[in-house]
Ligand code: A2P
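Only one chain is given next, in structure tokens, and it is the form predicted on its own.
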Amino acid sequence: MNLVNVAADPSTVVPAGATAETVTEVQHYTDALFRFRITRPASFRFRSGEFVMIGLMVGEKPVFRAYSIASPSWDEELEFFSIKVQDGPLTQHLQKIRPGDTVLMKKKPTGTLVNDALVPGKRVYMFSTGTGFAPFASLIRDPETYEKFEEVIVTHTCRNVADLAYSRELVAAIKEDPLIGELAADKLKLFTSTTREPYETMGRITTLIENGELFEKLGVPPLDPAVDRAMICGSMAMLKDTKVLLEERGLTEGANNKPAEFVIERAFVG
């Protein structure tokens, strides 16, 4: 692997606007998905749900890609949930990192999947597919989310059952967490489905919204713009189709400078 360990080589030049951070933990879930944690610069501040540019030195050039921060804003480390693309410019190398290796991170976080971009409501839906679950892994560990909403519903749809391991393990751990377990206990619900491998719930999240199965299984009423809010993170097709469904039900898209009923993260599309 062509990874420059900046910590071990002080003479290595770190790209402008970036820091060199140390990998503290790596967990592989499947041949296509893994999670990793890195050190957090003392001066780094972000809002739960935002993303940042993560990179490696490949040869003599830095290669960066946008990654949602999966850890909450209060965490002393930074966590990320990544896909493995065998010929991907970054992930073909990133999937091989081990604790002690160095990862580059740009210092400026941004993103639309933040609590401030939604107007107050009773219930928030966080619709995700694949690694689109990452920003919600941050938000459901943030006490502010539970202060703002009475119900927090996260949906995670993947092709296979094993792809759901991160979300299922995390939600179970949150409910036992001494900091937010009590807040999340009665408010947080995880709804998972698969599109290929047989599972207790199958289908694209858009199908499950349209046919009402999502609401029936959760025991909640259909989407209502007066009380329901939503965040969406996933593939281009999923973003487009879910946006249409929400707008058909009277919800309006918002942004950091104009909060509304739902927001979409488009940074990872294309």
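We number the residues from 1 along the sequence you see. Fair warning: this is a prediction, and the values are worked out from it, not measured in the lab.
Below, we turn to the form predicted in complex with this ligand, even though it does not appear here.
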property	result
Non-hydrogen atom contact residue 39 with this ligand in the model of the complex at 4.5 angstroms	no
Contact label in the model of the complex: residue 94 to this ligand, heavy atom within 4.5 Å	no
Close approach of residue 241 to this ligand in the model of the complex, 4.5 Å, heavy atom	yes
Residue 206 within 4.5 Å of this ligand in the model of the complex, heavy atoms	yes
Partner-proximal stretch of 70 to 78, 189 to 197, 96 to 104, 175 to 183 relative to this ligand in the model of the complex, 4.5 angstroms, heavy atom	189 to 197
Listed residue (112, 167, 129, 145) with a non-hydrogen atom within 4.5 angstroms of this ligand in the model of the complex	129
Candidate from 211, 201, 235, 27 lying within 4.5 Å of this ligand in the model of the complex - any heavy atom	235
Stretch 141 to 179 - residues with a heavy atom within 4.5 Å of this ligand in the model of the complex	157, 158, 159
